[in-house]
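Coming up is one lone chain in structure tokens, specifically the form predicted alone.
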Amino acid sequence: MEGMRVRFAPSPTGFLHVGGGRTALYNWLLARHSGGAFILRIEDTDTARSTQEYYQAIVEDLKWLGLDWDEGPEVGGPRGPYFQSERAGSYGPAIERLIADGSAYRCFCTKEELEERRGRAPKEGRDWRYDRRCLELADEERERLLKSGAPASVRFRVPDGATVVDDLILGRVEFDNSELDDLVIARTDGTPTYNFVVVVDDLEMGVTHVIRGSDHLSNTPKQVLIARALGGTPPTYGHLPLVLAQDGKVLSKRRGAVAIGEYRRSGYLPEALMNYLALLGWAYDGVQEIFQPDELVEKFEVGKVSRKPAAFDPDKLLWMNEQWIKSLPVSERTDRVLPFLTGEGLIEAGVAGEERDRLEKIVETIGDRLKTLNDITDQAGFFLASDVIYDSMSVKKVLAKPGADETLAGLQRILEGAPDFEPETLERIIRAHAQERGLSLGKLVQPVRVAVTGRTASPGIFETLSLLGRDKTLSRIEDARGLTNE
């Protein structure tokens, strides 16, 4: 597949969602696996809905996901421009060529006339397709209408026969051309339509393969015919199965499709999301689930993409994200959680030295409790905040019980006299204190856990107390004693 050129062509009329992210990823994997080129083209001709904000968000999310492009915005390339809005000079001449050789013709039918004929079709027991009235106009009548300035669209003349598409995923798909309409390729104001401009762009950019959603399958025969009429070779197409929501209906912006940027802001790792999206319709051997990005590039084959719809499972994605976080070395895991801690004001940006060392120890102590990076603010908040936020149920369940104040007071005394605040030392003296009082370790530890963390669950108590330090631990125990009923 040397020389393969693939493209991802989003429209900046909204944020990049899961389906678009998967399409971009599959095209990128195909290009990288084959040693070909990955092109990013921005289809921004919908001026009413396209915005710079959406464009920037799409580019940012693609980069975050780990995708780079060989040609396109920000990197340039020999076949630009890569914004469709800047390519208008290519479309007019191509339309005129099709008119000149009879592959297209001007249509003077008004919107009202078309609606009236469309409304008659079902009453007459037939499907509506354009009746080619303007194709059959006499030359004199056509010239008269043109000279009069009558508004005219341009329609592509669908040839007789059938169009066969050897789809990379679906296999051989045959379309009866008689079922296709003579589609409008230029509106009455002269602006070209999607099915035309995308063909011109693909031909001029040398696109050899197009991987896209199966919702585009109905466009494929039209685009193949236009490409051939222009004297070009159509790309090889592969149509991805739909992505379904948990209710079995098509995942969409209105039905559960979360923007890629939301996953980034929620603390998902880009490697985890890339890994999950790759498996959303593709499998290597049906067993392996965790793939490094370079493994995906090495093992991805578009022929192994399923023809069946893929089900998007948020719980599986969360599980995969958790596995990826667990696999990170403590130093890198700390780097990844830093933006979330600084965003909540729990630490300052640029933490270094002893403070950085302490932060790494906190992250190590938290261990495997992070399902998302954002969980760090809850799991580490009590270590870093100046004050404890007490969970009311934990206070009621533990601190409000009889004897809680006496237990905390005893612990306060032995901790004040601890020779050091290392975890091993704290464990030794607290266990000894529990034995002296004839208490189980849990009966002694739980009140101090709630006192210093505000909750009944935390990392190991001895490591927690050590990381908090003597002064903060004693101060919090003193504050907690004010919440007891004694």
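Keep in mind that this is a model prediction, so the values were computed, not measured. Note that residue numbering follows the sequence shown and begins at 1.
The same protein also has a form predicted in complex with a small molecule, omitted here; what follows describes it.
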Only one of Y105, W319, Y284, Y194 comes within 4.5 Å of the small molecule in the model of the complex by heavy atoms, so just point that one out.
Y194
Of I226, L411, I325, V198, the one that lies within 4.5 Å of the small molecule in the model of the complex (heavy atoms):
V198
Counting only non-hydrogen atoms, which stretch in 152-160, 210-218, 350-358, 124-132 is within 4.5 Å of the small molecule in the model of the complex?
210-218
Going by a heavy atom distance of 4.5 Å, is S11 a contact of the small molecule in the model of the complex?
yes
Does any part of E43 reach within 4.5 Å of the small molecule in the model of the complex? Heavy atoms only, please.
yes
